[in-house]
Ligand code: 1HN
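One chain comes next, on its own, written as structure tokens: the form predicted alone.
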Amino acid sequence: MREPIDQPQPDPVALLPDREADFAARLQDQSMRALWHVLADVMTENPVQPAVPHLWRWRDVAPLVNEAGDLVTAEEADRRALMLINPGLAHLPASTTATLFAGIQSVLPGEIAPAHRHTPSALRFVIAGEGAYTGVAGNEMRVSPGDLVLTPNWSWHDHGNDTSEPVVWLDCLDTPLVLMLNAVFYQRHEQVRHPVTTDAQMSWERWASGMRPVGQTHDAYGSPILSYPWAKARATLHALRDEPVSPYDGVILEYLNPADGGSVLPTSSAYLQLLRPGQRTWAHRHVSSAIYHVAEGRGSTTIDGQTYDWAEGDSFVVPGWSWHQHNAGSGEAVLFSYTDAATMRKLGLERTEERTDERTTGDSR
């Protein structure tokens, strides 16, 4: 198992012969360093991944979500979300992987999480609650468990619950990446709710039917479809259950931006996959990191030689370049996942390594 990379690393200059150490000290006085002193730490043969695999069990998380609702209102908190912090990245403010953030947000009956906007892009995967709404870019969308809702970069958005039961969802953002780029901007709206100006259903009619009015384009960041209903996604997934499957991922589908056929958000990709009863996928690894949420069923995932048993409602993280394989056990399982593959593809950094049999592999480091 990987250990968190949080201990101080030795200063390479301290290990140098006297003459080179003196030279290095004089370079440091000029805010300079010799590349050859650190080249082995910078140009590594494989990615050095500070994030570690981790599993958050719903049975442990749910009571804390309920307790948070007694401690602070959605308006007081702005967003009442409990962050899923990677143990290897605990020194960073909001990181589930080096580039992705996940948290569990709740909105109680009668509450409104006030309108704001920010440069990190977000999506929500609904865990519980029927009929509450999320408003994004002038659209109001009613949500159900399993729905995927997008909040593209710099879109006004608010969330409200006028039902009799709490709504809970998995928040997924690219906040660590935007923080790394020093590009975070945030703004509160002057109203608690931003105005609803668009019929969200029109997005489906215009973009998801396989047809659209000639000459229309979509210039905003991310998909023009802001809500992907669970009923449609699950039906599509199960319609393909008897088709040939990937030995590495089972039956897997990517949520797409119908305007360009790419990922739903410029920096992030989202997937839904079905594991058949008894299926054990083959091991592979990729540069992109992934956050998983168990939508249905139970099973296990082996990451770098360690097995994590999961059940419905659990969330877990697979760091980049980590060998992993899934096991559905005796029943079916459906996994939702959110990755930074879109970013890696755009930067020409995506890379995958696959095994050609069912055997797992040990620690990739």
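Sequential numbering from 1, following the sequence displayed. Bear in mind the structure is a predicted one, so any value in this text is a computation, not a measurement.
Below: the form predicted in complex with this ligand, not depicted.
Asker: Counting only heavy atoms and a 4.5 Å cutoff, which of 276-284, 210-218, 240-248, 155-163 contacts this ligand in the predicted bound form?
Answerer: In the other structure, the partner sits against 155-163.
Asker: Can you pick out, from 142, 234, 118, 189, the residue that has a heavy atom within 4.5 Å of this ligand in the predicted bound form?
Answerer: Residue within 4.5 Å of the partner: 118.
Asker: Check each of 257, 95, 289, 105 and return the one that places a heavy atom within 4.5 angstroms of this ligand in the predicted bound form.
Answerer: The residue in contact is 105.
Asker: My question is simply whether residue 177 lines the interface with this ligand in the predicted bound form - judged by any non-hydrogen atom within 4.5 Å.
Answerer: No, residue 177 sits far enough from this ligand in the predicted bound form that none of its heavy atoms falls within 4.5 Å.
Asker: Taking heavy atoms only, is residue 194 within 4.5 angstroms of this ligand in the predicted bound form?
Answerer: Answer no; every heavy atom of residue 194 is more than 4.5 Å from this ligand in the predicted bound form.
Asker: Decide whether residue 206 counts as a contact residue for this ligand in the predicted bound form under a heavy atom distance cut-off of 4.5 Å.
Answerer: No, residue 206 is distant from the partner.
Asker: Using the partner position in the predicted bound form, report whether residue 101 sits within 4.5 Å of this ligand, counting heavy atoms only.
Answerer: Yes - in the predicted bound form, heavy atoms of residue 101 and this ligand come within 4.5 Å of each other.
Asker: Quick one: which residues from 164-188 get a non-hydrogen atom within 4.5 Å of this ligand in the predicted bound form?
Answerer: Sequence-ordered list: 171, 173, 175.
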